[in-house]
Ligand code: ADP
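Next up is one chain by itself, shown in structure tokens, the form predicted alone.
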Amino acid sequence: MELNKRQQQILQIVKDNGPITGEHIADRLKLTRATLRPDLAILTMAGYLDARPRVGYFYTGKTGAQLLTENLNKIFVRDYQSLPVVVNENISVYDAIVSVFLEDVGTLYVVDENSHLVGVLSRKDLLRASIGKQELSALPVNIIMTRMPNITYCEKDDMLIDVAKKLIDKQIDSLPVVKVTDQGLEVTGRITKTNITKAFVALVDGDL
């Protein structure tokens, strides 16, 4: 996060004089304690400062990069996953194309009759099929989909930064969020590049 001028002044005062109380910081800046309270709260929640009752504020000594890394490691898939768009393995490629445009998504997750994940359909898969001479309304998606074990997925308790690395490594737009059962993988959500971007913007803006 980017600190404003007053927050930078507070940080410098605590660096030079800590531990120091909020009242003493306010005196040095010739401001009221109430005026400083939001800034002190932001600096403490962001990890720049540590506060101890009846003692005062301490400077943690952590850099912005260190704090960013720490905060990234606190964000989980469950915090930002969105609803998946799921289709049955027996629907036609034509119907899958319609679903992609109606739902405005880049990837469809294909499930069997027991609602377990069996495949993934990307826009690229659908485009490749549509370029050929096949009758799209008669061609089932299970012919062109990516199948297990070639599907990359994640779980709700995975760290979002690890999922971001998987998306980059595999050069794909999204991952299904699954619940692992004895019978198979149940699709419970999805993580897209947009989800991850929202999380990082919230982190920089201090909304996390």
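Quick caveat, the model's predicted, so the values are computed rather than measured. Sequential numbering from 1, following the sequence displayed.
Beyond the structure shown, there is the form predicted together with the named molecule, which is absent from this document and is the topic of what follows.
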- Partner contact for T32 in the predicted complex: the named molecule, 4.5 angstroms, heavy atom: no
- Is S122 close enough to touch the named molecule in the predicted complex, meaning at least one heavy atom pair within 4.5 Å? yes
- Task: Look up in the predicted complex whether V163 has a non-hydrogen atom within 4.5 angstroms of the named molecule, and give yes or no.
- Result: no
- Look up in the predicted complex whether Q171 has a non-hydrogen atom within 4.5 angstroms of the named molecule, and give yes or no. yes
- Given that the named molecule is left out here, which of T44, T152, N142, T60 has a heavy atom within 4.5 Å of it in the predicted complex? T152
- Options 47-55, 23-31, 179-187, 142-150; stretch whose heavy atom lies within 4.5 Å of the named molecule in the predicted complex: 142-150
